[in-house]
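So this first bit is one chain, no partners, the form predicted on its own, shown in structure tokens.
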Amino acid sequence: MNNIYSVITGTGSYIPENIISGNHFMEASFFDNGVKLEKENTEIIHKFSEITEIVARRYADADLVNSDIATIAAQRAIDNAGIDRETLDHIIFCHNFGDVKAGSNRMDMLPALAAKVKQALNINNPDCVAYDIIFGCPGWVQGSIQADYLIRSGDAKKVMVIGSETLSRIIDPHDRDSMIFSDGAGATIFEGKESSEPTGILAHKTQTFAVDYASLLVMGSSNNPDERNGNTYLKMNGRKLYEFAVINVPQVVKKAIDKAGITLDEIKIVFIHQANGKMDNAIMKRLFKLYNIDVVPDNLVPMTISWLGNSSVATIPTLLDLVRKDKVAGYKIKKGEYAVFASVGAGMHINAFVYKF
């Protein structure tokens, strides 16, 4: 008997052309707890890169907003899948800050960004339902899980999941953590396929740790006390977030793998949220320790964090698109192999799904 599985048939991404190196922050004034840091910016930037592995990030052009770059990625995904856009049953747009104009800091979420993308793509079909998911950095993974529910229920055959963000518009220029964040967009087409053998999304797991950890990523005032004018910026407790992620993400990933009924050694590629290079490496080591394995295999975890930075919900779909199109050296997707997709972020949310190509 054949079952319906959610299979990726197309991907697209938009990587802004503006490359922002560490030199961009040489004239910045960094503060901590309202006090200006006395260290030279050269030292601050070098230490930041050493910890995160980020040496560059991308910022969107001033005339583009989040829904604009998402539309570009969406069109590329539709073209890659070779489908008629009018046959899409759902557009799920995963973001956190809506459309923010350059120089503004004001968030626009009305109408939903998914509706804006549908309008920009000129999709007339009213049965193509467009809505947003606000779920922190794990948004695209959760949107993919939602797509799987829709497809398996029989209510949808084709679902597009977008992860897109312009974090450069909501960061505090006086906060060292701002050097982590980047802009970008990724889109993925999931289609329902009948198969006698398991394929596509096989299992997933999501958890929310709100009571003790929701305050690790919040909106707050500028670090510079002279610029506390009512604007709010993305703020995170980096040290506590690192500890939380390294302890809890491996547990959630293991639950998803075990639920899929496969072994860790069958996983040939891991698409993990590009949050922080050092943190992602620690998460993978802890995951393998849970299976009593001391060494993480080489060429298991493709990384773009060093040259693309952390674009929140866009990191995984962008990474997937690049790997599918042979644009990440040393990595190639092969039919029949298993993959894990995993993320962590504001909420605090953690999620993962196991996929068979």
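Bear in mind that the values here come from a model prediction, so they are computed numbers and not experimental data. Residue numbers here begin at 1 and follow the sequence given.
What comes next is about the form predicted together with a small molecule, which does not appear here.
Chemist: So in the predicted complex, does A102 come within 4.5 Å of the small molecule, heavy atom to heavy atom?
Modeler: It does not: once the small molecule is placed as it appears in the predicted complex, A102 has no heavy atom within 4.5 Å of it.
Chemist: Within a 4.5 Å heavy atom cut-off, is M160 in contact with the small molecule in the predicted complex?
Modeler: Because no heavy atom of M160 falls inside 4.5 Å of the small molecule in the predicted complex, the answer is no.
Chemist: I'd like to check something about H273: if you look in the predicted complex, is any of its heavy atoms closer than or equal to 4.5 Å to a heavy atom of the small molecule?
Modeler: Yes, H273 lies within 4.5 Å of the small molecule in the predicted complex.
Chemist: Within 4.5 Å, heavy atoms only: does K278 come near the small molecule in the predicted complex?
Modeler: Contact with the small molecule, yes.
Chemist: So which of 58-66, 321-329, 38-46, 289-297 is the stretch with heavy atoms within 4.5 Å of the small molecule in the predicted complex?
Modeler: Correct option: 38-46.
Chemist: Looking at I180, I133, C128, M284 here, can you tell me which has any non-hydrogen atom within 4.5 angstroms of the small molecule in the predicted complex?
Modeler: Exactly one residue meets the criterion: I180.
Chemist: To verify the annotation, which of these, A73, V253, C137, I91, has a non-hydrogen atom within 4.5 Å of the small molecule in the predicted complex?
Modeler: Contact check passes for C137.
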